[in-house]
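Below you will find one chain, with nothing else, as structure tokens; this is the form predicted alone, and questions on how it binds or moves follow later.
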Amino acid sequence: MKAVALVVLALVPFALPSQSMVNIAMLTAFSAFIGQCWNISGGFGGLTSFGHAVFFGTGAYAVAILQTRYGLNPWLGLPVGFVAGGLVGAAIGAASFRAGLRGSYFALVTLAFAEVFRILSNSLDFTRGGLGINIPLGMGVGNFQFADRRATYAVVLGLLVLATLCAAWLRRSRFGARLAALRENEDAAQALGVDLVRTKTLALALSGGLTALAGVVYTQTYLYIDPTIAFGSERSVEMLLVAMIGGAGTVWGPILGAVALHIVADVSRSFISTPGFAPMLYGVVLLVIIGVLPQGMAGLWERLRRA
């Protein structure tokens, strides 16, 4: 029932005449996608990351640099971005987990990596420093640039389906079971023969590769990227909030969280224009969810279903 309802809601924007409404649907699906990417490692594996923007920025800069400097077709930027994000995730994971970092220490390390990448992209010549990179305008399917937001929404929706299928696979696979065991008790999982470093590194690499795809799509949608957009903490916070509010470690949680957050944001902007009000409201919503619904909105759904 829940899956059918979400599919129907996902298809509604294709029938909307207003581009602004389609844009809202696209942004909501985009938030759900990046939240699901974070959920693959942070929710299912308990690898709480405060710096997932490092993967987003890696994908964004990979496609922007290769396209503007070497003429790479932006559609090829999707697999290139996935590989680049996966390699960065594997490198961060191998370095962190071999050092035995976990919990808050790992979270701070990911935040530090995102800041290091931001500083580097702000300083290096081939990233054009703080000026950022402009993507040449060339509307057309071949250039991955669409005048109609419905086409962009379709691409984002396809990526969301891909990430959700990965989450569903983790829920039922042996690899996902090993991740869940690590999340609950690393020492017990290791005693049962689970390879901690390998399992957690693979999870972070998969999450990083998928998150990099979001960076590729963002760059081709807005045709501009700079260090703050690519590696800023706001993107990491958005991923974490979406997953936590919807229900980390669940298949449908990030989707529910993205819908809830965007409803809150759009309603608040309609009535209150005070700068900084929306982030404050996000914090209040998160506190309420943690206090009343520790399993997120997906946990509430399960309670209602059992009742």
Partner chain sequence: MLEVRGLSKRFGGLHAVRDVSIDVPAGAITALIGPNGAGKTTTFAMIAGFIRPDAGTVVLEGRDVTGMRPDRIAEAGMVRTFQITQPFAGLSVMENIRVGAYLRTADTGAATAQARQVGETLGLGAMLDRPASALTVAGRKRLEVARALATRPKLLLLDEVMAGLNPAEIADIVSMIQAIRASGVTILLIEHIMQAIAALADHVYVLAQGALIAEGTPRAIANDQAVIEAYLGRGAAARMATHA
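Positions refer to the first chain, counted from 1. Predicted model only: the values in this text are computed from it and were never measured.
A second form of this protein, the form predicted together with the partner chain, is not displayed here; the remarks below concern that form.
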property	result
Ile135, heavy atom within 4.5 angstroms of the partner chain in the predicted complex	no
In the predicted complex, Ser233 touching the partner chain (heavy atom, 4.5 Å)	no
Interface membership of Asp148, the partner chain in the predicted complex, 4.5 Å heavy atom rule	no
Touches the partner chain in the predicted complex: Ile92 (any heavy atom, 4.5 Å)	no
Candidate from Asn73, Ser104, Ser123, Ser173 lying within 4.5 Å of the partner chain in the predicted complex - any heavy atom	Ser173
Contact residue in the predicted complex, from Leu108, Leu223, Ala177, Val161 (heavy atom within 4.5 Å of the partner chain)	Ala177
Contact stretch among 178-186, 110-118, 75-83, 139-147 - heavy atom within 4.5 Å of the partner chain in the predicted complex	178-186
Residues within 4.5 Å of the partner chain in the predicted complex, restricted to 55-72 and counted by heavy atom	none
